[in-house]
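Taking the form predicted on its own, here's one chain by itself in structure tokens.
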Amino acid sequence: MSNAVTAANTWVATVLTLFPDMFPGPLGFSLAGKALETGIWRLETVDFRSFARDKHRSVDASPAGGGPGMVLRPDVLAAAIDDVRGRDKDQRPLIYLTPRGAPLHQKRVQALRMSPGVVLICGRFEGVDERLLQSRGIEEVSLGDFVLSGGEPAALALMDAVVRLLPGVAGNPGALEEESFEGGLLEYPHYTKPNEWEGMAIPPVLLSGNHEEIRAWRKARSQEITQRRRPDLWRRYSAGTKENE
């Protein structure tokens, strides 16, 4: 990918990884791929193994205190981070993808969209040395309560979540306004042709042409789904609604 780190009006993602060939992966297709080609966003991959200094190009070592697995060395990763930061006039947010991180929410995605870009660290093995996280002010982010083989799939997911919100990426920007988590609710159900399928019909209100009734129906369904499937979101939504009354 491009070695340039920043450009005006371009959202730039730099990924520190042992597997640069995993990128852009699925982000090279569809809307994200077209936006990458046209320069709406740019991707840089950095193989941090190239910053290892021994003859074996070692990036990890056994855990202090014993135990299974290996831990990524702080000196190697710090050298890679410092190299990127030394070329980064915007000082983009520095994020490490890890199951123990703060859950990624749509509000954080929106904030990253408004930033010049992001620097993502993809862990492997047992993770990274804690001293690296403390010394470089790294934000820890999690996609959920599960464990992946490495941070690369999580990095792809985070970038996709941000890139699709960038101006000029979505064909119909209005479609982004009624998605799940926008407004604090899960999205309402969708229907399309045929009007009847396997004995199930589209709800009549959606065929009525009455836009006020359609909006009311969709909001009610969003509320019902959120309350049933995500009580945590529903509690936050309800508390916010009461505050605004």
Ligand code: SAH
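Start at 1 and count along the sequence shown; that's the residue number. Just so you know, these numbers come straight off a predicted model, no measurement behind them.
Beyond the structure shown, there is the form predicted together with the ligand, which is absent from this document and is the topic of what follows.
Stretch 151-159 is the answer when you ask which of 151-159, 105-113, 73-81, 129-137 has residues with heavy atoms within 4.5 Å of the ligand in the model of the complex. Though the partner is left out of this view, R100 does reach within 4.5 Å of the ligand in the model of the complex, counting heavy atoms only. For V141, a non-hydrogen atom is located within 4.5 Å of the ligand in the model of the complex, even though that partner is not displayed. Taking non-hydrogen atoms only, G117 never approaches the ligand to within 4.5 angstroms in the model of the complex. Using a 4.5 angstroms limit between non-hydrogen atoms, R124 touches the ligand in the model of the complex. Residues in 204-228 all lack a heavy atom within 4.5 Å of the ligand in the model of the complex.
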